[in-house]
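Just so you know, structure 1 and structure 2 below are the same protein chain in two forms, each on its own as structure tokens.
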Structure 1
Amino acid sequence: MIGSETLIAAGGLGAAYALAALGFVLIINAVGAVNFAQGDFVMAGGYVAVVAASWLSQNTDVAVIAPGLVILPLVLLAMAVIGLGFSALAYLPLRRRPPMAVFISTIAIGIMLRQSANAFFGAAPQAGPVMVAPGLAGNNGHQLAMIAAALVVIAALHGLLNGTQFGRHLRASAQDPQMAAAVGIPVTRMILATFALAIALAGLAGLLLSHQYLVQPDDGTTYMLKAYIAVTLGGWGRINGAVAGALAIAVFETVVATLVSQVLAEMLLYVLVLAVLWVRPQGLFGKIEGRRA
């Protein structure tokens, strides 16, 4: 039963989880707190994509071959700005408080995002734009484009964090803010940049998923849970670990659901998480001790 369709499905799901987990892990590194609204920002990104795509189709005459790709920069930009607003609301007022306070403020933001989506867009699911038109790349074209886009973004993020001055500053302020400030890195600005980046990534995830998986106000919780699990299994705060964790979850879910049942896949995933934490309290790929959540 496990054929190419299953593998592509697992890849698509893995790409989705990985993008959600990346933004999640960036914020953990920057402020040491779990962003419980990360999944809701994925959902919000989906709605931004829906709005942008409908604007595009109303205001352009040419038949767009790849509407998703065309609006991608727009979505990234819009979500980065929203990310700045998010940090101003949920992080800056609480920066001198324990990470738990930020954790709770993100829960509040999550509630507001979910309910705003319901109030302004309604409860009906909506379909976002395709990445590339089906005529161009066959039935699986969108899914393959989704996986490819995720891979490109993960590679780009890796390059950004490891290969640029900006990335080094970002990592330095995450690892030791006081030391970073002492050597002249503008830590606050770096943290704000991290928020913008993390939420832009969530937006990208939202755009990529909005066609394949539709978008609904209540979608956030699932993405947040999967991101949380991916990051924990991958080793708290480790970016590559988060991607590996996300892929592992997606493959596990898809394979168990294909062989046995979806309900069991979901249940076993949580049992697996508990088993892993029992055997390895520091996570599957984790080595170092993390900070307080």
Structure 2
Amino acid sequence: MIGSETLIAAGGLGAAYALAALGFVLIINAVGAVNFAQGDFVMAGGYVAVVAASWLSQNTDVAVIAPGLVILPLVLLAMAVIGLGFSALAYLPLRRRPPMAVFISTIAIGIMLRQSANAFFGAAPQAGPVMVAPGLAGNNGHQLAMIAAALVVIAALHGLLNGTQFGRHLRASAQDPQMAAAVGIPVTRMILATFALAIALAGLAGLLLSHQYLVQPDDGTTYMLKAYIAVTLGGWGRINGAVAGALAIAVFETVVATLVSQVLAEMLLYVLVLAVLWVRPQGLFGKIEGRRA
């Protein structure tokens, strides 16, 4: 039986998947390369949340009230800084090399993150902070807070990209970097900002997932696959499609896991992806290329 709690849980999971997928799309659109470390940055965000929540609980009284909501800005800021470092290591030195070089560099960074997390935190799963204190928002308070936090951030990102000069510069740099540079837009700075935004979104996804789904070093591979599938289903490079694809994945996984089992849900998800690609290789929301009216 599928009830409201199941659907709310699916919404919370989908919100986190959507944030990871959005960051994935931002980098694809900005530099034309796939960031294979995106899932590992989700994992890293979970550990940043664990450390920040632990520090707050030991040094302040605020964390007792709403640790997840309190540390959310800290996680975004920390992961944005990490994103700047990531772009400086994995992209800028290789931007004029073949795309395969960037692919490999992101894989290498992901492995380094995984091994570093294992060395510092161990392989055992750890629980991140709850988004709101138990009892403040009912039995589904954590999931509702996940959804609300993701909606606020996605709305803010939409406003940034579509309603500000900075956002227009970001989009111009992604669409035609040569022309953008010719009219005076600092393309390199825009690329750095895109990486910072993308990794901050991944880190926020890690924060949202870390309490209910725990966090461990090997989580990155799973989250990378979910982001990749969401982007593929939604149409390659399409922001709205990535969000819709992420929500579809989460609803499918949660409903099938509730009715049958988590193992079957994982297997059937990939069957569904293959079926969609057979029928619509451009994704559910992608445009068909090369077809004339």
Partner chain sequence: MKFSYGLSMTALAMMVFNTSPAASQNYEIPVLVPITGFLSLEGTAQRNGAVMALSEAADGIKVSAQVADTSTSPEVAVNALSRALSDEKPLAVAASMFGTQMLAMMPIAARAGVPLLTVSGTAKLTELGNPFVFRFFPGDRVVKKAQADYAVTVLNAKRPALIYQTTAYGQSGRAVLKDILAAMGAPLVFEEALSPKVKDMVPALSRLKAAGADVILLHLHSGPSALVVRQAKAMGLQQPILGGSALHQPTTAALLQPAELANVCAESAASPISETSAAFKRFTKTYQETFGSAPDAFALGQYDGMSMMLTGLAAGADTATKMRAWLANNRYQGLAMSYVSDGKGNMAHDAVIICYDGQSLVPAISRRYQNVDGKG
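Each residue is numbered by where it sits in the sequence of structure 1, with counting from 1. Take the two forms, superpose them, and find the largest set of C-alpha atoms that agree within 1.5 Å; that set is the rigid core. All values derive from a computational prediction rather than experimental measurement.
Of structures 1 and 2, the form predicted together with its partner chain: That would be structure 1, which is the form predicted together with its partner chain.
Rigid core fitted, then: does Leu225 show a CA shift of 2 angstroms or greater between structure 1 and structure 2? After core superposition, the C-alpha of Leu225 moves less than 2 Å between structure 1 and structure 2.
How about Leu264 - superposed on the rigid core, does its CA move between structure 1 and structure 2 by 2 Å or more? For Leu264, whose C-alpha is compared between structure 1 and structure 2 after core superposition, the shift is 2 Å or more.
Val51 C-alpha relocation of at least 2 Å between structure 1 and structure 2, rigid core basis: No, the C-alpha moves less than 2 Å.
Provide the displacement, in Å, of the CA of Val255 between structure 1 and structure 2, taking the core as the superposition reference. Looking at the C-alpha of Val255 between structure 1 and structure 2, the offset is 2.5 Å.
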